[in-house]
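Single chain ahead, written as structure tokens, the form predicted alone.
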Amino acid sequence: MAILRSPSRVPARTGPVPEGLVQLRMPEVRFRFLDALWIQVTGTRCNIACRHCFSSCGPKADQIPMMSAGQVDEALEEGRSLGMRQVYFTGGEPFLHPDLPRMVRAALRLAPLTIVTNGLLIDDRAVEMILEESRRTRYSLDLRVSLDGTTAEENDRVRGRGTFEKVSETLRRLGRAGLSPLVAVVEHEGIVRAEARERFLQFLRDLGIARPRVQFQSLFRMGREMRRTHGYHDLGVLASAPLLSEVESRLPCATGRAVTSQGVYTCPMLVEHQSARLGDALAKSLHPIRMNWDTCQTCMLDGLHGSN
């Protein structure tokens, strides 16, 4: 029998579900195949400290150290041997890594690559690197650029003063180079995808993006976001809600794993939780997991991927 608790009586929190609720047998997610290999190349080191960041990244955040180029090479090779279909470089901010061009080239020898970035460090030199590596490979090199509003008032309240103008200039630079990045929008207060989709697409067209793409992402109530607003209230929802097969197949833990300098984790949202660590070897992590973290509510109930 599921235990459901009232949000008004349960303190907001995030992290592993308490032991008493774990005994309710949280849904099990079977591992299907290695589609996405997430590599946290810069750990939690970032050039900004977004107020809604789910992993508390920032300029001084070193709880997860930066990976060496050698560690990234090892992760890529192990991923290749296990049939990975695509690679994501994330962090932190990947463009802070001094060896990023080398690592980009290594990844593109094996699979399509997406760099998840805030866009603030993409200068003309970085654009040239992106264009050059794109010409060298038969695989796609994509950028996922974060922007949380079509005005400074919307975006800067969570990403920091001045970031809207700087990211807008980056998008103009990418547009002039003929690149069409995917713009990722977190649905924080004031951003509702049903109302904002066409507004974002037109905004990107006005910046010179020929083929604008927008992905709306649900808010993860963990990390710095938990302190900004609140964490998860209803700790029994995972035990009470059925895991439908069509939902299970879309969960990141069903077809992906995250590699950091500290080991392999179930997904990129849980890299700060030692309870989500699956060991040192990627090959030994490809097994079913249970949704034992309250963060899993967002993926299960709201959806992770959003709409493009």
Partner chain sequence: MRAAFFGEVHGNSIALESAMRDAQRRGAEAIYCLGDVVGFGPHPDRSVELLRESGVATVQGEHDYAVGNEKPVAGTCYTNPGEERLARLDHDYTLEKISPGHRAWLAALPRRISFEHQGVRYLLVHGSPRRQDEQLWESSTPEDLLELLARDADADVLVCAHTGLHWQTALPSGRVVVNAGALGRPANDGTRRVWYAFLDTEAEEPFSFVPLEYDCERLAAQMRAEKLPSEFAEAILTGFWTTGLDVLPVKERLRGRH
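Positions refer to the first chain, counted from 1. It should be emphasised that the depicted structure is a prediction, and the values quoted were computed from it without experimental measurement.
This protein has a second form, the form predicted in complex with the partner chain, left out of what is shown; the following refers to that one.
Peer 1: Quick check for you: of 83 to 91, 144 to 152, 117 to 125, 162 to 170, which stretch puts a non-hydrogen atom within 4.5 Å of the partner chain in the predicted complex?
Peer 2: Contact-bearing stretch, as computed: 83 to 91.
Peer 1: Taking any heavy atom pair closer than or equal to 4.5 Å as contact, tell me whether Arg176 reaches the partner chain in the predicted complex.
Peer 2: Output for Arg176 is no: heavy atoms all beyond 4.5 Å of the partner chain.
Peer 1: With the cut-off set at 4.5 Å between non-hydrogen atoms, does Phe200 touch the partner chain in the predicted complex?
Peer 2: The answer is no: Phe200 has no heavy atom within 4.5 Å of the partner chain.
Peer 1: Determine whether any heavy atom of Asp35 comes within 4.5 Å of a heavy atom of the partner chain in the predicted complex, and answer yes or no.
Peer 2: Contact with the partner chain, yes.
Peer 1: Are any of the heavy atoms in Thr137 no more than 4.5 Å from a heavy atom of the partner chain in the predicted complex?
Peer 2: Yes, contact at 4.5 Å.
Peer 1: Find the only residue in Ala106, Leu207, Val158, Ala111 having a heavy atom within 4.5 Å of the partner chain in the predicted complex.
Peer 2: Spelling it out, the residue with a heavy atom inside the cut-off is Ala111.
Peer 1: Does every residue of Ser180, Ala194 and Arg211 put a non-hydrogen atom within 4.5 angstroms of the partner chain in the predicted complex?
Peer 2: Yes, the whole candidate spot contacts the partner chain.
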